[in-house]
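To begin, one chain is listed below as structure tokens, in the form predicted alone.
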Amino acid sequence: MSKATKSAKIFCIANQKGGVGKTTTAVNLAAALARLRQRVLLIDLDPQGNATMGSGIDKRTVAASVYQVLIGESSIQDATFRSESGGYDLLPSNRELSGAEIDLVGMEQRESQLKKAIGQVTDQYDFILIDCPPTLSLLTLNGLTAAHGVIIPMQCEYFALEGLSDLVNTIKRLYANLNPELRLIGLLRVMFDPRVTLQQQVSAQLQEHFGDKVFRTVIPRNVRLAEAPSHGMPGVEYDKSSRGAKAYMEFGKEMIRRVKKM
């Protein structure tokens, strides 16, 4: 992406189904882009705070988080930390964020609070990635309203296709009503095992229905990626030679190519 644009591309990593490698994708894509010399901000918008811990930052000790930013008690600059293990900046999350739903309900333009906050720092980054919770909540709406596009990580399983149509319809509704910039950037096949016939079949179906919206990169099922968060590190830094790390580095390169075409 040309530095002359001076404005970050903002992407949500979202899936209404839990346990699909969403946070793994957010953390590793952020680290991969950072290794590719991109300026990256990762926003943890999930009250579980897994992206925060996986970036080497203790969610229990942060003085300010995305929660304070959303309700106007902190600027985004004051709440942002540096992930030394990942090489990117992080806006952390913790359990406090669960209360944001209630606090946001009474606010004007409640679905645009994150967009307003991000506006203060878009010129400081090439990529801003938002790790959304696995529900279509007010938090997720804030993420989708702020973003230029959505990356959907998904396993190649039968039930994944059902949830996918719901999410694509949500993106279309938000495009029509709240965010005319929002588009589906692509589907990322994760935890892929080519030995499983069903996964091959679902992968083929995805390519048939979504064409070039399916990223070429496929992320394999990989133990090293699963181990990395317990060490407070992205997988691409924890074991650079692992199949999972190499795949996420390829995905980072593919994202940079896609952004150049946008």
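Only a predicted model underlies this, so the values are computations on that prediction, with no experimental measurement involved. Start at 1 and count along the sequence shown; that's the residue number.
Missing here is the form predicted together with a small molecule; even so, the following discussion is about that form.
Participant: Quick check on this chain: which one of R39, R221, K59, R35 has a heavy atom within 4.5 Å of the small molecule in the predicted complex?
Facilitator: Exactly one residue meets the criterion: R221.
Participant: Only one of G163, G87, P134, G149 gets a heavy atom within 4.5 Å of the small molecule in the predicted complex. Which one?
Facilitator: Selected residue: P134.
Participant: Would M191 count as a contact of the small molecule in the predicted complex, using a 4.5 angstroms cut-off between non-hydrogen atoms?
Facilitator: Although the small molecule is absent here, M191 would touch it in the predicted complex, with heavy atoms inside 4.5 Å.
Participant: Quick check on G252: any heavy atom within 4.5 Å of the small molecule in the predicted complex?
Facilitator: Judged by the heavy-atom cut-off of 4.5 Å, G252 is well away from the small molecule in the predicted complex.
Participant: Any chance K246 has a heavy atom within 4.5 Å of the small molecule in the predicted complex?
Facilitator: Contact with the small molecule, no.
Participant: Check whether K22 has any heavy atom within 4.5 Å of a heavy atom of the small molecule in the predicted complex, and answer yes or no.
Facilitator: Because a heavy atom of K22 falls inside 4.5 Å of the small molecule in the predicted complex, the answer is yes.
Participant: Specify the contacting stretch among 59 to 67, 205 to 213, 233 to 241, 45 to 53, defined as having any heavy atom within 4.5 Å of the small molecule in the predicted complex.
Facilitator: Selected range: 45 to 53.
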